[in-house]
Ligand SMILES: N[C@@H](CCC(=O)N[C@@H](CS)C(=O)NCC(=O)O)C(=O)O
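Before any questions on binding or motion, here is one chain by itself as C-alpha cells, the form predicted alone.
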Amino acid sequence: MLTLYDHPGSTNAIKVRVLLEELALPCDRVEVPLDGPRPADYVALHPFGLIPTLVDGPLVVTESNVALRYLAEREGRTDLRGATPAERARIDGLLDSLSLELRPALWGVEEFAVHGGAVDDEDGRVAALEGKLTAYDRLLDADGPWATGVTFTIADCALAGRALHLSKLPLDPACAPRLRRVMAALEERPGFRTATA
C-alpha cells in the first residue's frame, strides 16, 4: 500500500495526488503541517522535512518529481512517462526546468499574492516571473492541449501543482498562453479536481 505524506496546500504534493488519481491507485494520506517545524518522526523519514514524501513498502521517495517518474514506471505507463529515450528526455526537461528555473520565480510572487497580500513590483519580481514564464512557455508544445502535445504526461501533473495559482498572480494576461492552455485542460480532468478539492 502506498502512503503519501502531504498537506492539502502543498503544490508539490498536489502534483503527486493528481498522478495518483490518474492512475486510480489507492493511497493512505498522512497530513504533515505546512507551517512550523515538522514532527520529528517525519524528519526521520524525510531528512529535509519537505513535503511530500511517498512511501511504497521499503522505498521512501522524498522528491515529488521522482515520485511522478516512479509511479508512472511502477505502473508501466509509458504514455505518462514517455515510451522512448527522446520522449522521456523531453518530459524530464520540462520537470527539471519547472523546478529549477520557474519555481523560484513563481514562489517569489506566490508567497505574497496567494499567501500574504499585495505584490508591488518595485523589486522586479513580477517582471522576472513573466520572463521565466515566457521562456518556459517556449518549451511547451505549440498546439497542445498538453505540455508535450496530444498525450497527457507526468509533465502535466507537475504543472498541475506548480501553476495552480497562476490565475491569482498579478501577471499580464497574455503571458504564457501555452501554459494557460495546459492549465485550462487540467482543470477539466476529474483527477485534477479531486486532487485539488
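Because the structure is a prediction, the values reported are computed rather than measured. Start at 1 with the first residue shown and count on from there.
Although not depicted, the form predicted together with the ligand is the subject of the following passage.
Visitor: Given that the ligand is left out here, which of 129, 51, 68, 160 has a heavy atom within 4.5 Å of it in the model of the complex?
Guide: None of the other options qualify; the answer is 51.
Visitor: Which residue, 43, 135, 34, 30, is the contact with the ligand in the model of the complex, using a 4.5 Å heavy atom cutoff?
Guide: When the ligand is considered in the model of the complex, the option within 4.5 Å is 34.
Visitor: Is there any non-hydrogen atom of residue 64 lying within 4.5 Å of the ligand in the model of the complex?
Guide: Judged by the heavy-atom cut-off of 4.5 Å, residue 64 is in contact with the ligand in the model of the complex.
Visitor: Going by a heavy atom distance of 4.5 Å, is residue 103 a contact of the ligand in the model of the complex?
Guide: It does: once the ligand is placed as it appears in the model of the complex, residue 103 has a heavy atom within 4.5 Å of it.
Visitor: Any idea which of 168 to 176, 139 to 147, 22 to 30, 43 to 51 reaches within 4.5 Å of the ligand in the model of the complex, heavy atoms considered?
Guide: One stretch meets the cut-off, namely 43 to 51.
Visitor: Any residue of 1 to 39 with a heavy atom within 4.5 Å of the ligand in the model of the complex counts; write them all down in order.
Guide: Stretch hits, in order: 10, 11, 12, 15, 34, 38.
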